[in-house]
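What follows is a single chain, given as structure tokens, in the form predicted on its own.
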Amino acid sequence: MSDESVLVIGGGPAGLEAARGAADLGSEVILVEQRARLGGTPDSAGYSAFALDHRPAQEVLEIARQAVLTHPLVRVHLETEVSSFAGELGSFRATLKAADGTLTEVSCGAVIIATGFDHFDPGRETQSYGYYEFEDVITLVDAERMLQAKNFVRPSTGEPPKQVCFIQCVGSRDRRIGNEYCSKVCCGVATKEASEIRELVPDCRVFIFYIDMRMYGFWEDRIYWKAQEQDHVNFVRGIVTEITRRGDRLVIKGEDTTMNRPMEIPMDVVVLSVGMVPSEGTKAVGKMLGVAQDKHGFIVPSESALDTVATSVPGIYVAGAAAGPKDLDDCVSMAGSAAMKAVAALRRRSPVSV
């Protein structure tokens, strides 16, 4: 690989699209992924379907994987991390460390950070939800795995639930724990999952307890209203303050803020809508590459509204949830823009004939 190549760090949806895009524009690409397989968090966490179009996640990811794995200009390094980095636009140098300890020195002209996010750990701070105490308190991610298997059950008994609820904004919009931001996708994902549960277990009553339902763009039209009117999901504006056990069932306690009255409702399964936090890889790579990060650890893109992917270091770009909470459309759009800008930056330095 030469100084005219592009290094893409991260093999999730954003990294895959960035790698494909840069390669389609004629640049050699070095794609580095710490996991043993491409696909990122949606793959490793076992997502069932992507919100909005409800296409199976693995179907979408496999198309993206094959577009990269079969591209003649892309070299993929799995189970590999960037261990050192130096240089400037047009002449960066990186050391890649494989799982077996093998070190590989590579040169590149530009870099795209696509290191993604982690799901908030609901047992870390919000102990009142009992995530590590009650087997039937699960997260959106746990629910996705069951939905992917088409088998949504109570973890404690293996039986179909009669009553399920989602609790929104777990780990987001919470100043007590320092995550003041909205994670953007949780409302839509919870609503999608609620509809899927109703389809799999028609006799199950499903509730979503929310502060505000934040449905932007077509999520409102294509997910929210369908869940209410066709799937009969119950949306309750309220605050859940505690989860306890009564007999073999869970009990949620809190306040219905619309009716201004306390509530205490038995549930078989409670799903915590956990938000996004920067991945450990995002924080480590950001520090190693010397790009600006916010107080949470997300990569800070350019302050210009016309450039959402440039970082504080010329020649280094960011795509996807490494820059903050994003949905799949955001990730792919940013990746395409990052690929274009990275290749353009290199060609401005060394014009090529076309």
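Everything numeric here is computed off the predicted structure, so don't read it as measured data. Sequential numbering from 1, following the sequence displayed.
Heads up, the form predicted in complex with another copy of the chain isn't pictured, but that's what we're talking about next.
Considering another copy of the chain in the predicted bound form, the lone stretch of 200-208, 144-152, 105-113, 257-265 in range is 257-265 [heavy atom distance within 4.5 Å]. In the predicted bound form, another copy of the chain sits beyond 4.5 Å of every heavy atom of L38. Shown alone here, R246 lies farther than 4.5 Å from another copy of the chain in the predicted bound form, counting heavy atoms only. Another copy of the chain is not shown here, but in the predicted bound form it comes within 4.5 Å of a heavy atom of D294. Although the partner is absent here, Y132 is not a contact residue: none of its heavy atoms lies within 4.5 angstroms of another copy of the chain in the predicted bound form. Among M213, A98, L89, V251, the residue placing a heavy atom within 4.5 Å of another copy of the chain in the predicted bound form is M213.
Shown without its partner, the chain has A323, G324, P325, L328, D329, D330, V332, S333, M334, G336, S337, A339, M340, K341, V343, A344 in segment 318-344 as residues with a non-hydrogen atom within 4.5 angstroms of another copy of the chain in the predicted bound form.
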